[in-house]
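The chain below stands alone, shown as structure tokens; this is the form predicted alone.
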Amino acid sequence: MVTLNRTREVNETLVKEKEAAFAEFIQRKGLKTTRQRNTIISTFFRLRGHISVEELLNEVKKVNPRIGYATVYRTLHLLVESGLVEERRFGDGLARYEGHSDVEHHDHMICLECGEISEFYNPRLEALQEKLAEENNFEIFRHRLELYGACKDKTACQARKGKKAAKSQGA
């Protein structure tokens, strides 16, 4: 199993490609390109992880405090419609958004204690899925694997949980 590292440097070439793809999508739909949308798009593709509307709004406001929740929300839904972003729900009541990264496919482990979402890729698991599909005369188009459990490192888990609680009370 390979745990994916989402803390690496931003790939500016990838960000520019995503921005250009979204601009083409907007043009095909006959919508306007706006500075606010561009700020949201640029900010989103520079972030890592599974971003909620509120988290993106907080980051966007650092660049342009006049951008509101509704604009961020609508832009995220356009990103999903464009196919550049997936909306994910991990059982905590929040919609989170994940940009398609330079890693084509990955799965998730979600801690029910602290909410940490870890990404992983396992070629043996992928091969097993293909084998099962073949044995059952089935063609897989896509799949999502989400494993729910708890962090084994209870100290780190509690620290993350406390940090998230403090952050939500300060918001």
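Nothing here was measured: the structure is a model prediction, and the numbers come from that model. Numbering starts at 1 and follows the sequence shown.
Here the subject shifts to the form predicted in complex with the DNA, a form of this protein not shown in this document.
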Answer key, the DNA contact in the predicted complex at 4.5 Å (heavy atoms) among A133, A70, V63, L112: the residue is A70
Only hit among N58, S42, S118, Q36 for heavy atom within 4.5 Å of the DNA in the predicted complex is Q36
Of 123-131, 24-32, 43-51, 141-149, which is the one stretch near the DNA in the predicted complex, taking non-hydrogen atoms within 4.5 angstroms as near? 24-32
When the contact criterion is heavy atoms within 4.5 Å, does V80 count as touching the DNA in the predicted complex? no
Is A95 close enough to touch the DNA in the predicted complex, meaning at least one heavy atom pair within 4.5 Å? yes
